[in-house]
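In the block that follows, a single chain appears as structure tokens, in the form predicted alone.
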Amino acid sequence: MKIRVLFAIYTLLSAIGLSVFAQNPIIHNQYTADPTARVFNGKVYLYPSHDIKTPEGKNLRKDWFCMADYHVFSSENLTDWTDHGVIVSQNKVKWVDSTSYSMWAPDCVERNGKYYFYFPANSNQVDANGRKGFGIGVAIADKPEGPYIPQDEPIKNVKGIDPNVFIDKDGQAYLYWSQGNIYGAKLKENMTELDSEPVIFQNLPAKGLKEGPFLFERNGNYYLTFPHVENKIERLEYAMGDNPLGPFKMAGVVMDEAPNGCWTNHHSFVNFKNQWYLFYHQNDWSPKFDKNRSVRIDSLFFNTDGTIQKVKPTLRGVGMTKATDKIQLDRYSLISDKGATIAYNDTLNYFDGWKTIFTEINSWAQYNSVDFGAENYKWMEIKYFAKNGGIVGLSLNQLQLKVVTKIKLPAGTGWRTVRVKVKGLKTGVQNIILSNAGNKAVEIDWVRFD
């Protein structure tokens, strides 16, 4: 009941443009998966799928993916995200089976001032073989956040999931999708019809599920990237070629299998302000059920030969955090080997986030890229739990734990929030380190400065 009430509140807030402050995972007001990130008008727009809990009485599998609609989010800094609400839902598209809850991984591109949103769903139409199956539809808008108007019919001659659209430098658009294999075809100028026969990409792994293609170009290289089950769960792999329709040659792994065992991964690449980023998902907000997933971001780098450096998932993610925002120390950049651990605040409500637990003296956690601006802050607010009291050390920029301030925390039987005076802070962007400066266990939810 508690989670259902929270979702109702989040839905209401989304309708009025809820802002969420993010580190990994970046969206805090709902489950999000299969992220496609695009840069439009100087902002990053995120088009994910929307996992939900399986509704009661719908004759649906309880152990499977359940998706009824799509939201769009935007950000100017990759940290503060605005939820613009629902843009397409299964009960408002003529060709979609509105009982199937199968609105899987989408994409969106801009052409000639119009925005084209591509989405897969189970069709309510029967084909020549008497089967319904997945189709790929298009919804069109004048703005990246919508409103979007779905076309009455799916794209002809396309059966599958996970649409991805790439527009080459010469203006030719291509559609990619998966259904056992990975397919590609040219799109007509209207962006809603194929302009060539689909091709099946060869020289990709023959064994194990592969899906979710995302194609991009950099320095004349075309990268066909996709999730693939090499062992038991998906990892992100890629192939390279010199043409949008191949041939492609396998080049390596972008991201290994998720350490938390999430069966799927799905991704996109985006270049924003001259830095490349990888958007992907894991099941942070749902550790016991990996069909409810959440979007993450990490920085991406290339080698001099154009190959991709493997990305290691981080909790810190990307972007600056304002000193006045709640700094979630548990989304650390670095952490000591002993005496510092991360745990959920509430295992009955995972959306309540995490806490950092210090059990040994001098155990520490470092959080990078806190923006103190030009202000000379002298106060810190901290939410903590210390049954027997404790002492927390605050350091800047170095792991030698040169403590600039020691903070004495009074004992208490529950979580407390106190405002304490601190010294030694600096202006500009700093890395902060909090450590256990005493010999008693301390738990920290967040800190912020004023």
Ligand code: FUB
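Note that this is a predicted model, so its numbers are computed, not measured. The first residue of the sequence shown is number 1, and the count goes up from there.
A second form of this protein, the form predicted in complex with the named molecule, is not displayed here; the remarks below concern that form.
Enquirer: Using a 4.5 Å cut on heavy atoms, which of 211, 330, 107, 284 is close to the named molecule in the model of the complex?
Expert: Exactly one listed residue reaches within 4.5 Å, namely 211.
Enquirer: Select from the listed residues 294, 268, 264, 321 the one whose heavy atoms reach within 4.5 Å of the named molecule in the model of the complex.
Expert: None of the others qualify; the residue that does is 264.
Enquirer: Out of 185-193, 158-166, 296-304, 364-372, where are the residues with a heavy atom within 4.5 Å of the named molecule in the model of the complex?
Expert: The contacting stretch is 158-166.
Enquirer: Is residue 67 close to the named molecule in the model of the complex, meaning a heavy atom pair under 4.5 Å apart or at it?
Expert: Yes, residue 67 is a contact residue.
Enquirer: How about residue 30: is it within 4.5 Å of the named molecule in the model of the complex, going by heavy atoms?
Expert: No - in the model of the complex, heavy atoms of residue 30 and the named molecule never come within 4.5 Å of each other.
Enquirer: Closest heavy atom of residue 49 to the named molecule in the model of the complex, within 4.5 Å or not?
Expert: So residue 49 counts as contacting the named molecule.
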